[in-house]
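Let's start with one chain on its own, the form predicted on its own, as structure tokens.
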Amino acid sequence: MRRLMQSPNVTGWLLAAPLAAVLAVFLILPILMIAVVSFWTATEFSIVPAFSLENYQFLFGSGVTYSVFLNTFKYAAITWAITLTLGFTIAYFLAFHVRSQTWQTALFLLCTIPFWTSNIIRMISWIPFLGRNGIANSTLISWGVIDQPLEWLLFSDFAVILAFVHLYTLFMVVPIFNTMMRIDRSLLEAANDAGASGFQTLVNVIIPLTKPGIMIGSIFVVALVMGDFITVRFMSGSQSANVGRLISNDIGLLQYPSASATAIVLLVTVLLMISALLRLVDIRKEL
């Protein structure tokens, strides 16, 4: 018995058991409960715990579902592209152009300032800036750039994307910066000695070695945008919707089986997207 307890495999399982139990109770079990409820039906006054495919039939048979999912994918794709561009640029500057570690730390902390407040406050702060009589429109009018306020600055897809970028860019900066800091600087010197230009070094050395960080940041951003609903509600003025809003509306109407079915479809969609991203590069070296 003692020899069995001292086995590396058994020791590893025993060390992992507490965390596995916590994940099982607080993650796996709730997901299983949501999956079970998604097959129930609901009336105006009660939930009927009887197996039924009605929720999924309604979900996949409605054109609204495909429209909302398409809108969600649009938000995720545009936000991903912008945050990747900004995140890579900021991380590249911090990793390769800021020589002092003190300045690197100071500038990195500067990027985290928005996270010192809640998401709601950060979103609301854009409203007086982008409003019809807000700072942006007033400034553009005073400069003579426009003659009348721009209506699309607030309560539009532009405002939603802007808020998403504001909220989630740091989730792209951190893993990319972490990966860039691990790049052996002798590889850059070798590329320079071989006559490679700065752009060739970026494309052939830095970007390939930064792929794990890019994938980790992409997973964070895509998963967060796909599941977000409060940002779309505030910044679109309830004129636009994504899957998160669909689930929120069903919960508000006490249609828990329908909300559960939508949540399961969203979960499967996000997992498939993450699986596709993980096939592009092995991120285990970063974990």
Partner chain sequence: MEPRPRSFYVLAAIFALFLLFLYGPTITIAILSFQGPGGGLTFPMRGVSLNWFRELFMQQAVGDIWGSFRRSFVLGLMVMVTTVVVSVMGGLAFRKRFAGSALLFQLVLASLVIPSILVSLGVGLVFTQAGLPIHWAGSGFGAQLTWTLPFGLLIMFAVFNRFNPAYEEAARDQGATPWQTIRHVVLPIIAPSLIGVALFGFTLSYDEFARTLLTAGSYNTLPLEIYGMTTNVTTPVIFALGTLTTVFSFVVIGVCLAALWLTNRRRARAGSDAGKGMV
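C-alpha atoms forming the largest set that superposes within 1.5 Å between two forms make up the rigid core. Positions refer to the first chain, counted from 1. The structure presented is a predicted model; accordingly, all values stated were derived computationally and were not measured.
This protein has a second form, the form predicted in complex with the partner chain, left out of what is shown; the following refers to that one.
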*State yes only if every one of 67, 209 and 253 has a non-hydrogen atom within 4.5 Å of the partner chain in the model of the complex; otherwise state no.*
no
*asked:* Whether residue 59 contacts the partner chain in the model of the complex should be assessed with a 4.5 Å heavy atom distance threshold; does it?
replied: no
*Answer for residue 240 alone: is it within 4.5 Å of the partner chain in the model of the complex, judged on heavy atom distances?*
no
*asked:* Taking the partner chain as it sits in the model of the complex, is residue 45 in contact with it (heavy atom to heavy atom, 4.5 Å or less)?
replied: no
*Heavy atoms within 4.5 Å of the partner chain in the model of the complex: does residue 248 have any?*
yes
*Among the candidate residues 165, 188, 140, 196, which is the single one with a non-hydrogen atom no more than 4.5 Å from the partner chain in the model of the complex?*
165
*If you look in the model of the complex, which residues in 93 to 118 sit within 4.5 Å of the partner chain (heavy atoms)?*
93, 94, 97, 99, 107, 109, 110, 111, 113, 114, 115, 116, 117, 118
*Can we say the CA of residue 267 moves by at least 2 Å between this form and the one not shown when the core is superposed?*
no
